[in-house]
Every structure is written in C-alpha cells, then in structure tokens.
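First, one chain by itself in structure tokens, the form predicted on its own.
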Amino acid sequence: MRLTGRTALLAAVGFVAVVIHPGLWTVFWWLLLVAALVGIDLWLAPSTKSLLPTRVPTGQVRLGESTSSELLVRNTGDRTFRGAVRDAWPPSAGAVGERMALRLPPGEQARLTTTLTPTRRGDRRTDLLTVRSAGPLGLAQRQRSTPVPGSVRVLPGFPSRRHLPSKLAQLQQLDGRSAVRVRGQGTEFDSLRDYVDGDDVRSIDWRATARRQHPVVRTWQPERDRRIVVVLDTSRTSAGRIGDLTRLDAGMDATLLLGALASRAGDKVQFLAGDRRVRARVSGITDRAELLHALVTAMAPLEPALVEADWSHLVGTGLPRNRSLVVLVTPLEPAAIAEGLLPVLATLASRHRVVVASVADPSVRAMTGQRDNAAEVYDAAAAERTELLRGRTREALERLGVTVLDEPPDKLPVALVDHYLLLKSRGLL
C-alpha cells in the first residue's frame, strides 16, 4: 500500500475541524474518517495481479547508441485499471521514461516503451517491475513489485571505426587496386610492366626483357591469406580505467579496427580472449561482415577478472602452428609482464611475428611535467619511476624481437593498423 498526497491534504484539513471544535475526540473522529476513506479507496482499487505483463525481447545495441525496451501489459480483471507502472533498469542502462501512467479498460492491452541509452558495455538486466493501482478517490494505491526478466546486450562502441575509410584507402594503394594503381612492395608476384625511371633495377625480369627487347620489371602485391591472431588479455591488469573506459575496452577498440582492416585485406583473423582460461574465441570466419559481427558479439559480455593471466595456457591452446602475426593486447605492466608473459615470449617470438599492444595512461606522462608544489613533485617522482620501469620492460621485450606499441586509448588503434600496413607493405607477415 502507498498513501498519496491527497491523504496528507485530507488529514491537514482536520486542523480546521479542531479549531472549530477543539478536543481529542475531534482529532480521533477525523483520523478515523481519513482511515475509513483510505480503506474504502484501497478496497475499490483494482488488484495489481489483474495486470499481466509480458516483455518483448530487446535486441543488441552499440555502446553510445539508443534502443527501446517494450513491455506488453494486459488487464485481465473486470475493472478499469488506473495507476502507474515503473519498469526499473540499472543506472548503467540509461533508462528514460521508465515511470509511466496507465489507464487500461478490462480485456485491453497496452504497449509501454522505455528508452535505453547504455553507458557501459555488456549485458544490462532489468530490475523489478512495480505496479501501482489507484482507487477512485486517489487517496491510496496498491503496490506490487515482480520480476519480469529481460536484458539488453551492449556491444563495444568501436569509436575508431571512423579511421577505417582512410586505412582502407592505404590498403587499396598497397593492394594495387586504387585509382593510381600504386604497387606495393609485397612478396607475391603480380604482373609485368615496362621499366620507368626510378624503378628498382633488381626488379627487372631479364627473360621478359629479352623477349620484348626493352626493359621489363616485375610488380609485386602484398601478401594475402595470412593469419592474424589477436589475444586480448582480460586479467586484472585490464581493469584499470583511463578516462571513462577500462583498458579492456580500449583494447577491444584496437582489435576491432585491426580485424576489420585485415579481413578486407584477405587475411584470416583469429581472436582469443582470456586470463586463466579462454573466455571468448572467434576463428574460421572468412566473411567480412560476419567476422565483425562475431567479434563484437564475443567481446560484449567480457569483463576483467581479478586474476593473473596464464599466458602459457592462452598461447598453448589458441595459436596456429603456421607462422602468423600474433598481437597480444595487454597492458605494459612490468610485474605482470615479467612473471607471466616474458617466460613464453622467447618461444613465441621464434615461431611468429609478435606485437604487444599496450594501452598507455596519458595522465601518467602528463604528471611527470607538473612540479609546482611538493605534492606534485612526489606525484612526478612516482610517474617517472613508473615510466622508467615501463621503458625497461619495453626494452626487454624488444630484445626478444617483439614490437611494442604503447599508446593512449585514442591512438593505439591507429598505431596498430599502421604497423600492420607497414608489415604488409614490406612482405613481413
């Protein structure tokens, strides 16, 4: 039961009666009258159980975009329902319009819509559905809360997709399919053409030159059908927040941009995410649209786990035997790298081309230059030590032949695909 403002107003009117007829009996009889009216109002209010709710399944939505959750309610009673319905969602679902007034005649059905603009990735699940049934006097309401299960899956935002057109243009130039037909420096033979000034004399095909009686050079195209394996670290080190997002979300963004570009280049993309165990895997998909959909769907429910990554398990179970480009998306945390990743990197780098993509915190770098007072000097000293340790870790990785990309969240996706294009143009995949 819930009392409304009308009940308080009616009780306040009793002061007039007390002024006219002062005495405790006047107060008693007035309060008794109010209680009787409240009881009659409650008795006349339709039962909340007469409202039968059914939730319409909500589809997926990308982080930052809006969708709607629909609820069908049918009045199964024999009286008109007057009241309100609240379809509760967690704050991270960004629900708007979850409280709705409702007037529903017997036997009819209404569709209630709540707009959702989620602020966090993952599965956002509904809370309780609260129904309030008001009596004809408006003094009191019957209230009942019941679970009506539902959820919305929030996919990664993929903000770096704005860079995809420009990177595809670079890829087309490498691939020799652009309007200017610039040939790449790959290792797969493409065609023969006449020699022009500036061509590398090592590219001259002497047999073709002898046949045509003028210099002819070979052109090459970037390698295709190579394997790209991205391993996304979901251990405790990926839980650190940089701005509004975790390192894990920033790593997903870089992975999606690389996956989208590599699939357009005709390479085979394999994705693996995990810490002590494999939490998501995508492999064997050649269709570009299907691959991107599979990647965002696999990433959506991933959350950082407060455990250390078991790299020997991840690398031992998820990598192909053929030489591949292996991208390890993991923070460049010195202790975690030294204890978990370094022992397996020597063997891994001997069999594959390895890139470590790390999300750097720009606030740490900015902190090193702020020394206006004693507190900032202490902070700068701590930041300098952190940068020094990260630099030593980077040098240790590079001595093993590993390429390290340590960039802020907004620059890491571009740095990663630029490195991929560089390797592809040089035929090093």
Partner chain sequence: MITRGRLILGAVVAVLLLVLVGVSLLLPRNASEPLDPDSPAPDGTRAAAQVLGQQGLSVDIARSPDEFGARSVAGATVLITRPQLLADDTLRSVMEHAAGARRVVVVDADPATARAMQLPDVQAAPVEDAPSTVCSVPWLQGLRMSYADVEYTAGSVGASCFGEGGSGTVLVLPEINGGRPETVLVGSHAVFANKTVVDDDNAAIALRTLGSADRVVWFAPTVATADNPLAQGPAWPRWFGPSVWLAAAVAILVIVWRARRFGRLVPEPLPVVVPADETTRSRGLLYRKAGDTARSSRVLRAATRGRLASYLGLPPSGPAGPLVERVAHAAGADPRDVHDLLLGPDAADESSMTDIAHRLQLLERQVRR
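Positions refer to the first chain, counted from 1. Bear in mind that the values here come from a model prediction, so they are computed numbers and not experimental data. Rigid core: the largest C-alpha set superposing within 1.5 Å between the two forms.
One more form of this protein exists, namely the form predicted together with the partner chain; it is left out here, but the text below deals with it.
- Under a 4.5 angstroms non-hydrogen atom cutoff, the partner chain in the model of the complex has residue 143 among its neighbouring residues.
- When contacts are judged by a 4.5 Å heavy atom cut-off, residue 3 counts as touching the partner chain in the model of the complex.
- Within 4.5 Å of any heavy atom of the partner chain in the model of the complex lies no heavy atom of residue 167.
- Within this chain, residue 383 lines the site of the partner chain in the model of the complex, having a heavy atom no more than 4.5 Å away.
- Annotated contact segment (heavy atom within 4.5 Å of the partner chain in the model of the complex): 299-307, selected among 149-157, 106-114, 267-275, 299-307.
- Only one of the listed residues (344, 239, 319, 204) places a non-hydrogen atom within 4.5 angstroms of the partner chain in the model of the complex, and that residue is 239.
- Distance criterion of 4.5 Å from any heavy atom to the partner chain in the model of the complex singles out 88 from the list 88, 192, 349, 292.
- Counting a residue when any of its non-hydrogen atoms is within 4.5 Å of the partner chain in the model of the complex, the hits in 344-374 run 361, 363, 364, 367, 369, 371, 372, 373, 374.
- Core-superposed comparison between this form and the one not shown: the C-alpha position of residue 373 differs by no less than 2 Å.
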